[in-house]
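Alright, two takes on the same chain below, each alone as structure tokens: structure 1 and structure 2.
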Structure 1
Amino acid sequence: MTLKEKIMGSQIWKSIFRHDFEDTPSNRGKVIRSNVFLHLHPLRIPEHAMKIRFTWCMGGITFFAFLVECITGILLMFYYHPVIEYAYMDMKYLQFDVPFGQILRNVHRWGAHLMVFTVMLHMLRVFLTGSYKKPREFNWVIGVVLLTLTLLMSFTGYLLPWDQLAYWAITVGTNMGAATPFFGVEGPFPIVDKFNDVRFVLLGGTTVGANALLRFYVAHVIAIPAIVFVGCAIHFWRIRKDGGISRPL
């Protein structure tokens, strides 16, 4: 018995992998079925759906970018304090002191841009292939929610470095909250004052300050990603429940 046979015949190995790797139709099915991640796929799909030319792999790349953001984001969290006394210093610390800190921050930043960009392209692809039509209507709706959340995830992250760019971009952005009809203090027909309007809810104050930083932090690192994760689960599950990837009639 070779070492390979010994390992692959052991009780431990067999408890993990329930198939061998000979290329037979039955094994091709088992590989997919017996792995929780691969099992997101059906066993067989139409030929055209496997082509990069069809999907551009854009949904997959968006999800991959999301995973990269989760991992690099968790690493960044070890070095970042969401308080105004530290936030900016932590950026400098990451850039000049933490080993690989600069590149960690760079990957997280560019990965976020990439995700926004690919989700836009994914929506374009889904539209161009008419994949939102019956019976996939609702998955498109979930997609639009995911698009919105992706933008918000990126936007809330933008404040965290606490530099001038961040501060004024978020000031401009959240001022829109104050312009909301009825519920914004500077909008038409206000029925609120500046201490209870939409902007106040977004910022935890009337201007961008310590409370806003904390709110954006919590939204950025847990609240929105958690919803995106669940949203993706529903999105993927529905692709299969809606009859798999779209195909010509």
Structure 2
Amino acid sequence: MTLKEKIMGSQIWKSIFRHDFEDTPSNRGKVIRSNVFLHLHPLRIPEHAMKIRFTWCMGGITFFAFLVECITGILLMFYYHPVIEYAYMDMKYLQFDVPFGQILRNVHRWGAHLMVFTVMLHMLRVFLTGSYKKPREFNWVIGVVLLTLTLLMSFTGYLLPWDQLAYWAITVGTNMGAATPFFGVEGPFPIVDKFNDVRFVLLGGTTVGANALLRFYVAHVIAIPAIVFVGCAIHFWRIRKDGGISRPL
């Protein structure tokens, strides 16, 4: 018995891979169904789906950019304190003192811009090719939600450097929230006051301060990415269940 046969015949191997590797249609299907990574793809992929000129690979590039953001974001967390006394100085420390710190921050920043750009191109491609039509209506809705969450991740990360640009940009953005109908104190038909409207919920107060920085930090590094991970899992699963990448009209 060869070493390969011994390994593939061991209980450890069988506990991980619950099928043999004889080249049969049944086993080829089992390879896909029993692997968490390959299971994202259907058993059969139309020939057109392999052509870059149809898909532009925008969905995959967007997900890759999200993974880059997660990795670089985790590394940036080692050098950042979400408090107003240290936030700005942490950015300067990262820029001038941490080895390759400026590169790390720039990769994270430009990766965020790339993710916003590619997710919009992905949505455009899906729209132009009619990929939102039956039976993919639900997955289109999931995609719109993921687009919104992508914009929210970009918005919440904007405050974290705690410089003048970030401060006034978030001031303007949250003031727009105060103009929300019914739930904004400055919007039409307000049913709330300034201490429980949309802006107060976003900022944790009536002005951009320590509470706002902490809330935006938690939303940026924990809450929104967690929802995006779940949304991506559902999105990929629905692509598979809906027959893979849609065919041209």
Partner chain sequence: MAEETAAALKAKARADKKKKNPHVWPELPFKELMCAVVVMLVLIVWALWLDAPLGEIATPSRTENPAKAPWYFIGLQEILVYYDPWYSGVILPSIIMIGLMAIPYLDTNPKGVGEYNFSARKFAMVNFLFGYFMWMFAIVVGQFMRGPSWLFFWPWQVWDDSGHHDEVTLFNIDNKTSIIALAIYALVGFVLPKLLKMKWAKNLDWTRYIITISLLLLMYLVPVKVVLRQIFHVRYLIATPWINF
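Please note that residue numbering is based on structure 1, beginning with 1 at the start of its sequence. Predicted, not measured: the structure shown is a model, and the values here were computed from it. Under this definition, the rigid core comprises the largest set of C-alpha atoms superposing within 1.5 Å between the forms.
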> Which of the two shown corresponds to the form predicted together with the partner chain?
Replying inline: 1
> Superposing on the rigid core, is the CA of residue 209 displaced by 2 Å or more between structures 1 and 2?
Replying inline: no
>> My question is whether residue 230 is one of the residues whose C-alpha shifts by 2 Å or more between structures 1 and 2, given a fit on the rigid core.
In response: no
> residue 60: CA shift of at least 2 Å between structures 1 and 2 after core fit?
Replying inline: no
> Rigid core superposed, residue 29 Cα shift between structures 1 and 2 in Å?
Replying inline: 7.3
